[in-house]
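In the form predicted on its own, a lone chain appears below as structure tokens.
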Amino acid sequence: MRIAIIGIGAMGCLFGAKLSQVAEVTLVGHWPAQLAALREHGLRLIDPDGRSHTLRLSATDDPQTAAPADLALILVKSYQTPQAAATAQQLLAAHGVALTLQNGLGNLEQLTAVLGPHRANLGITSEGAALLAPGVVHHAGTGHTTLADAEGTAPPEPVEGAVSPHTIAELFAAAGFATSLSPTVAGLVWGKLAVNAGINPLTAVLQVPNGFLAENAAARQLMQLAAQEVARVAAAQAIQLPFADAAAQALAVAKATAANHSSMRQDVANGRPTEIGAICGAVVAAGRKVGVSTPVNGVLQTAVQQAEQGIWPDAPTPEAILSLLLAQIEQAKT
């Protein structure tokens, strides 16, 4: 199978490295330093246990080099999805499909708008990866990947020869990713959204690893409140999450990925735009439509936007910032 991975950051490189052992993989992206490092030195992948190895991967900024691909795996930031959809259109074979494993809401819809409803699918993953330097990626924590099994809910005329979710799941498993299928597309998205809304913004504003949120009482409270808000907005839309308790799930993920530095934390630390608009911003917008108040996500959205701009709270410690955030949430409720 020919796979094009659109996105050459930490997650794109992680999936590219492992999938290259079982398929023909090309990484597609536009970051000059990363492309140069991958071409000159290969990818140095550091495993969760600290062992490292170097792999030679095909990497390009020319989508035609990866054509014709049977599968385009979309692993860019949510705000880059329109560009990724256009790239996928260029490099996919006539029967090729795109699969998004991105954070946030709206990614599948944007892919579908360009590629059509038969050629885009959705998944979520809790694999953790961090880019330590161009060409150096730390597989910070193993997780689980779930793919939407469109059987029974797909359009009536799927593309002939298109790779199925079952085939992709088998391929992922062969590459070493724990993978399963789920028939609930919306539930997958909102379930991951609940966890991301709880963990990512707080780690970005506090500049702490995920585990801090499980250990600190105030951080744990805010994380769980944010996740619960997402669950309420989902419930108002009759969307069933893949777990019973959003607060408990966010806590479990924070513990399981304790050493991981969330992608949003990395983005803020490196002066890059974040996905806050597709996470907390999307929750606030959806809550407004269905009449569910979302003060926690609203405050976290503003805090991350300020951090993106280098506007930090006048608080010297994570504990002081947490106190400030809690006070702002209380004010937002009035």
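Note that residue numbering begins at 1 and tracks the sequence as displayed. Since the structure is predicted, the reported quantities are computational estimates derived from the model, not experimental observations.
A second form of this protein, the form predicted in complex with a small molecule, is not displayed here; the remarks below concern that form.
### Query
Wondering, does I199 line up within 4.5 Å of the small molecule in the predicted bound form on heavy atoms?
Yes, I199 is a contact residue.
### is_contact(S263, the small molecule) in the predicted bound form, heavy atom dist at most 4.5 Å
Taking the distances in the predicted bound form, the answer for S263 is yes, it comes within 4.5 Å of the small molecule.
### Distance check, N103 to the small molecule in the predicted bound form, heavy atom within 4.5 Å
Yes - in the predicted bound form, heavy atoms of N103 and the small molecule come within 4.5 Å of each other.
### Task
Consider N210 of the chain shown here, and say whether it contacts the small molecule in the predicted bound form, taking contact as heavy atoms within 4.5 Å.
Residue-level check for N210: yes, a contact with the small molecule.
### Message
Which is the contacting stretch out of 82-90, 252-260, 166-174, 218-226, given heavy atoms within 4.5 Å of the small molecule in the predicted bound form?
### Response
Single hit among the candidates: 252-260.
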